[in-house]
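What follows is one chain in structure tokens, specifically the form predicted alone.
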Amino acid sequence: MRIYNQIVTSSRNGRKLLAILLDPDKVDESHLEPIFNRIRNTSVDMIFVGGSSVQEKMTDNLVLKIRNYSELPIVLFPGNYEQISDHADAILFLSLISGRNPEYLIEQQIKAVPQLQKSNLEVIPTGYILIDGGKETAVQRVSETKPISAKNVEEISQTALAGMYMGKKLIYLEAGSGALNPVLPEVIKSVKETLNIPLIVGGGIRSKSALEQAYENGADLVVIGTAFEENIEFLEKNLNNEHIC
């Protein structure tokens, strides 16, 4: 099943999905085998690969290494047009719709087109919304954009709806890598009630209760990155073989 169809079908059936984000700049390749030994015993559905400032070819190298240890779908979550690997299954074709920097609204996307035209990647148009998670994040620094205040629920919801109206197939609410606070439950709930496309939530999720809150308030897919980078036992401590919701 294609990745987008899997997300849509799961959303319609009320089955919540979980992804682990691996940043090529942060992952020690010698740790991949123990990482995937742990992932194998959990309810992880897919692997996201990407980061804010990854050097050229590092993404492709990591994707190829992951293939040696896992059959889970690999989805690219690129910080720029150089973070593309033809060996992945799909790419979130991100547009930073919470910012006003044309480089991340359309310029990076144009630069990615030549390689995407030659690849077999499933391209999934995604509206990316950066929300203040309590500290400056790499996304904020690299994109030179400001996150939307977590308290401005109406603006966040309207931005998500604008993304859907523009034809995005997914909306991604992101508190940013290493965020002190995850996306607030009331924000997730408001955005989900506004949309009729699947919703991804990531950033600052470090506990089972945070996962449960994200799912209960409407997240169709939750992405865990920093918590897993800091402690690969995180999943075993917080998840079993069954999905939380």
Ligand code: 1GP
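For every residue, the number given is its place in the sequence shown, counted from 1. These figures come from a predicted structure and were not determined experimentally.
This next part talks about the form predicted in complex with the named molecule, which is not shown.
For the marked spot (4, 73 and 221), a heavy atom within 4.5 Å of the named molecule in the predicted bound form is absent from each of the three residues.
Partner contact region in the predicted bound form: 171-179, out of 83-91, 171-179, 112-120, 152-160, criterion any non-hydrogen atom within 4.5 Å of the named molecule. Residue 198 falls outside the set of residues with a heavy atom inside 4.5 Å of the named molecule in the predicted bound form. Within this chain, residue 104 is remote from the site of the named molecule in the predicted bound form, having no heavy atom within 4.5 Å. Using a 4.5 angstroms threshold between heavy atoms, residue 18 stays clear of the named molecule in the predicted bound form.
Residues of 77-108 that come within 4.5 Å of the named molecule in the predicted bound form, judged by any heavy atom, reduce to 77 alone.
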